[in-house]
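So this first bit is one chain, no partners, the form predicted alone, shown in structure tokens.
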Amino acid sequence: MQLLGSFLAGGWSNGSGATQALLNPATEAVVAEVHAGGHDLAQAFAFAREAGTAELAQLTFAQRGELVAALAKAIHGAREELIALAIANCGNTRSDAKFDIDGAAVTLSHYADLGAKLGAHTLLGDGEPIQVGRTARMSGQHIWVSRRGVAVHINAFNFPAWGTCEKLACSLIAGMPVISKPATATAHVAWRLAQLFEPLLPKGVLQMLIGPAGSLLDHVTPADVVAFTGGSSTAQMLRGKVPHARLNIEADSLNAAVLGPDVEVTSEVGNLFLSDVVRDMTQKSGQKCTAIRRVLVPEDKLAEVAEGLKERLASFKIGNPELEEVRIGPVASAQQLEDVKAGIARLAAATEEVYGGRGEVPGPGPLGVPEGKGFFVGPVLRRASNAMTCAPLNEHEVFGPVSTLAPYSGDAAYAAAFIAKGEGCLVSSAYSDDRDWVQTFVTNAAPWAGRLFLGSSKMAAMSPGPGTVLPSLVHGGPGRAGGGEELGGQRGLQFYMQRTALEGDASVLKSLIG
């Protein structure tokens, strides 16, 4: 059995103690094991602060960009291997595995290009010079400079490649060394990435802890940052555990999609809307932080939308993702299956069935799977009679292939209030060609969303869908979604840097930032 070690303090460590199995979630076969502890994490932090910080500090943004570009090339070179690991350990279909692996490579490439653009400098100017004296000779200038600490990255189970690399790219370009902690259940892909990346990076720049976190957070100091993606209960624990450190959180998100009253369901925009809802219900078996959980539809179109979604969902085959015809694989773990089933039961008590019952896999069961094995949930579509008063719809995210329809009158302000009812989301979407309707919606919905996706006939043919995170746009959201921000091009560097105001001779300030 393959034992996955951790890369810490410049070497690979298998750890010690009891072992935890990593499973194939389709067959429940053991694919690897990891020890529960036995790592010297104090030494890992010291190594990052001494070696990693020194190595990155002597590199310009452009040189850091070259490092990140090499990581992207390494992923491209091992793409098929990484896809196979994602199918075996994450339960991904080949399409879903490519979404994760390719998303990681694209994000790294984006930040490699940004490093090249920022050039042969180590300081970033923030805004224009400000005259603070009697003449322009005495000036002020805000700058961004790399923090002198360790970036601790705690990643979720659903995107072991993309989640790892979106944090890593920003941190390395900004100049902070990383200790990365992937979710244990699906860590095989992240472990292989660490192997690929190790020879390409200076010592101390990237370390990876595979297995339980143990005392990881006990070593965090005020100079460090912690970036977390995961559930709200763990996020709450983190807020109390590291109150002295800079913390970025991406947690639960009740993302919504709204069909505008001007859109015919059979139109190009209506088709985009249906396609996006179905994709987000089924891609990664609904295990996406950006997936559409709530769907608001004009009352006179609700039946037509329900039929359109049912027809599309019925075409999906569920089973072992190794089979080419399978389009929905299992959820990632037994615990995930239990949580999703509990969420469906909560929804079922307050809504009506449209499709999928309570997640039973139709027909003889999952294709290509031993009887009684695997963590499978069939797609579930429910209907609430009142969008605003259905508590399970607006208070709890079911992290699986589950979504709920609700009717409304078509009023844009009401639609925005529905977005707000989720108390903060990563992304929500609206589909309309009525610009006045969109204006009202955006003005009122934007305070509750990290990103708003606006579907229309002008962009339908080139749309990536709301569920795709783009490195050039901010990923994060207020309130329930954690209140954090990642990516967003150059904005993604700021979490790992300190903004400082300089005050002095204008020519000196100019020479510092180039």
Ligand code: NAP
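Numbering starts at 1 and follows the sequence shown. Only a predicted model underlies this, so the values are computations on that prediction, with no experimental measurement involved.
Same protein, other form: the form predicted in complex with the ligand, not shown, and the subject of what follows.
The ligand is not shown here, and in the predicted complex it never comes within 4.5 Å of any heavy atom of Thr351. Under a 4.5 angstroms non-hydrogen atom cutoff, the ligand in the predicted complex has Leu426 among its neighbouring residues. Taking non-hydrogen atoms only, Gly230 approaches the ligand to within 4.5 angstroms in the predicted complex. Using a 4.5 Å cutoff between non-hydrogen atoms, His475 counts as a contact of the ligand in the predicted complex. Contact with the ligand in the predicted complex, judged by any heavy atom within 4.5 Å, is made by just one of Met237, Ala413, Val442, Ala136: Met237. For the candidate set Thr184, Ser275, Ser109, Thr122, a heavy atom within 4.5 Å of the ligand in the predicted complex is found for exactly one residue, namely Thr184. Considering the ligand in the predicted complex, the lone stretch of 405-413, 251-259, 191-199, 86-94 in range is 251-259 [heavy atom distance within 4.5 Å]. Annotation for 155-172: interface residues with the ligand in the predicted complex are Asn155, Ala156, Phe157, Asn158 [heavy atom within 4.5 Å].
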